[in-house]
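As a starting point, one isolated chain is supplied in structure tokens, in the form predicted on its own.
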């Protein structure tokens, strides 16, 4: 799909514009009927957002189209999730595929400009995207005005309402919105899309629905120590694959636990997780998600509870400081995990859940509750289980 053979690690080989044209061809314009056709194909292949929400892209465009032309498309490359580096890899290997996708979307919705939203530390990604823009300009290919904007490093800098606030020159923090389908309010639309999402729209514009590759892009972290990730690699797999298939291809054979979906994801015993599908719709049917495309492996011999506690502390430190559930609730949960007081953890979770100003508290609580559930399941299995005959 990107620069790798299916199932292999994605290596940092950058496609310049000449290589991009040689591989994908020139980008067809997507105004009018051609844009309507691509919109239909986006719905046909079931493309969903790759930044964690997995909301259908074709539906997301509906309110933007209804609002009329003149808005902005944001390439959201603020990859604040500690478990993910796939957007950085995509920007540094296939920047023109990202630009193709952004231009496709801009033409479909009648946008007036494009913004590249990056964390202030993302120098390599900024360099690659800047070179791509210069290569397009040198070739004479038309581009809408493109601006690069910098976000403070942090988990919440890539949250969509925080991005919209930053684009408007306001503090970069999640904001409450009455209409989640129109988070920009009554102003001109600001449509925020994750980097991989736009790369896939760009790809679909070249291949059409019939030849579009049904794959999943994953950041696979093969080691975690007290919430610190090492050996992160970006891999591509087919939607018919399982996590076990990915593990077999990449030599993962000594794992105790996995965290599916990143620091706001769900814990699983590694041997059971091998059977989980990678297809987003199949995971969703089981109440699970890859989130931003993240699988974190805890090596054999490491305990689960200290890992969950360390992540809870890290995520409590990512708070925007705007509401009590983050400021007071998450540190209390992390301390209860430190002490192994699982009953207190669940009581606190019931008090906090659904009361945050953004999705951060609920995401952390999902991770914490799943750790408790998995530990209890393991204790039950080790004790011979409970008969319900």
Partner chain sequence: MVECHMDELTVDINMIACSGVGLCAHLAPEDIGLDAWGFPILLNGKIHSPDQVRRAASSCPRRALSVLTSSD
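Predicted model only: the values in this text are computed from it and were never measured. Residue numbers count along the first chain shown, from 1.
This next part talks about the form predicted together with the partner chain, which is not shown.
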{"item": "Heavy atom of residue 332 within 4.5 Å of the partner chain in the predicted complex", "value": "yes"}
{"item": "Contact test in the predicted complex: residue 323 vs the partner chain, heavy atoms, 4.5 Å", "value": "yes"}
{"item": "Contact of residue 357 with the partner chain in the predicted complex (heavy atom, 4.5 Å)", "value": "yes"}
{"item": "Residue 47 within 4.5 Å of the partner chain in the predicted complex, heavy atoms", "value": "no"}
{"item": "Listed residue (138, 123, 186, 176) with a non-hydrogen atom within 4.5 angstroms of the partner chain in the predicted complex", "value": "176"}
{"item": "Single option in 64, 337, 348, 42 placed near the partner chain in the predicted complex, where near means a heavy atom within 4.5 Å", "value": "348"}
{"item": "Proximity to the partner chain in the predicted complex (heavy atom, within 4.5 Å), stretch among 212 to 220, 125 to 133, 167 to 175, 259 to 267", "value": "167 to 175"}
{"item": "Residues of 190 to 209 having any heavy atom within 4.5 Å of the partner chain in the predicted complex, listed in sequence order", "value": "none"}
